[in-house]
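Okay, here we've got a single chain as structure tokens, the form predicted alone, with questions on binding and movement later.
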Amino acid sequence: MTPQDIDFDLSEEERSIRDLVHKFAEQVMRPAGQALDRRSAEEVIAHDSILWDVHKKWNDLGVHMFAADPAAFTPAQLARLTCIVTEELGWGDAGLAISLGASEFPAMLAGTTQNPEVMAAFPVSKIGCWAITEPDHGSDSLDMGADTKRPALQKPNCVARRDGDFYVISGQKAAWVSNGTIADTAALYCAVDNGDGVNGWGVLLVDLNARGVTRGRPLEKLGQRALPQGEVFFDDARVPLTQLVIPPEMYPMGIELTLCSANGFMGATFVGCARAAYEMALEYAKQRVQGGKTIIEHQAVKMKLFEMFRKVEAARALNRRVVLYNTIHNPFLGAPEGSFPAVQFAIASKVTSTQTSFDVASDALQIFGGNGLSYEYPIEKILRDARASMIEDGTNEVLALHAAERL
């Protein structure tokens, strides 16, 4: 029995989508991710890079369209599809999975407006990014709420100032903006000044090819090297008022929903990453001979493999339960009045899955022994990718403190 076989109750459509995405992850994402891992950050985003093929083929596959049109599914169906698809993408390559996921974020927010012009300007077919972190504000930017006395609101690095029927954006976002160096559109989380000074944050949809927008150099980093990240600069970039999708008075709710969505996505992605590490170790243990027998016959290796298997299954179970609950209770998806997602559970999934991914990848590398340290085997890459996950989208420690306040 494989880990996927436990999904015995999948509908024919769900099983078909899972198998289609698994094939894409295996045949497109995994070889592309391994090739991009050996490239410089500049080479990753070069015009002839395989990165563009990954995005194009994913767009052509059409599976991602359910994210842009959630009304076509019940909340329960949407939750299951989200978990199934995202896990398979994480299994293929964690960095590319995040690139593909972040790309859909502006389109998802555009869909909440139900404004045909905004939705047409920010389709899911365009590569998008989530621009929130700033040079002076990292994980703390995920926990501002409506408290205007916090330093992140008093001294923001990026501000949108009201000017008639437009917002004029000035400042910059940090080098950690996923897809920042390649995106056409952005979901920009920034401070807002409506004429009386900065008194809150909001979210604007921004065309990154517009006048006043420039990019920094792509970031060289330890892991997830297939995921292009870099600074985005704004020099009086003008955005119509209609593209303010979350105004300051709604920002506390908006950031909470963002945390629920992003942490659920990360939870599923790194269940897939952990599963990939476990499966590679299991296969290697069946082939590698030491002491006159395959190493899977040694008790210590058997025990380690079972612990890896157990952790992956536990992380998956938590993630699916959390995503189901939070999708059903999402006010933008027809949730009953007064209901709201539970951010503490979403964070628990992200922290659990990312820690599991790192632990399982580390154990997998140990099973590979010296071979695991070499570039010839992909397990060392998975370990680096998993390590990055415990910092991105908010460090696990800061997220845990945020969640603890909800207990």
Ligand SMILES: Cc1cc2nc3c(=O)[nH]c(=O)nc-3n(C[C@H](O)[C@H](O)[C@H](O)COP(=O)(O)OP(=O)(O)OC[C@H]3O[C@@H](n4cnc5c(N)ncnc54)[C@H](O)[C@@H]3O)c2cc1C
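Residues carry their position along the shown sequence, with the first being 1. Here the structure is a predicted model, which is why all the values come from computation and not from measurement.
From this point on, the text means the form predicted together with the ligand, which you will not see here.
Asker: Within 4.5 Å of the ligand in the predicted bound form, do T82, Y325 and N330 each have at least one heavy atom?
Answerer: Checked in the predicted bound form: no contact with the ligand for any of the three.
Asker: The ligand isn't shown here, but in the predicted bound form, which of 290-298, 133-141, 73-81, 155-163 has heavy atoms within 4.5 Å of it?
Answerer: Of the options given, it is 133-141.
Asker: Identify, from the list A277, A186, I169, V177, the residue with a heavy atom within 4.5 Å of the ligand in the predicted bound form.
Answerer: Among A277, A186, I169, V177, a heavy atom within 4.5 Å of the ligand in the predicted bound form occurs only for V177.
Asker: Of the options S99, T86, N263, Q229, which one has a non-hydrogen atom that comes within 4.5 Å of the ligand in the predicted bound form?
Answerer: The residue in contact is Q229.
Asker: Give a yes or no for E397: in the predicted bound form, does one of its heavy atoms lie within 4.5 Å of a heavy atom belonging to the ligand?
Answerer: Looking in the predicted bound form, residue contacts with the ligand include E397, since a heavy atom lies within 4.5 Å.
Asker: Does V21 reach the ligand in the predicted bound form if we count a contact as any heavy atom within 4.5 Å?
Answerer: The answer is no: V21 has no heavy atom within 4.5 Å of the ligand.
Asker: Please determine whether T269 contacts the ligand in the predicted bound form, using a 4.5 Å cut-off between heavy atoms.
Answerer: No, T269 sits far enough from the ligand in the predicted bound form that none of its heavy atoms falls within 4.5 Å.
Asker: Consider I391 of the chain shown here, and say whether it contacts the ligand in the predicted bound form, taking contact as heavy atoms within 4.5 Å.
Answerer: So I391 counts as contacting the ligand.
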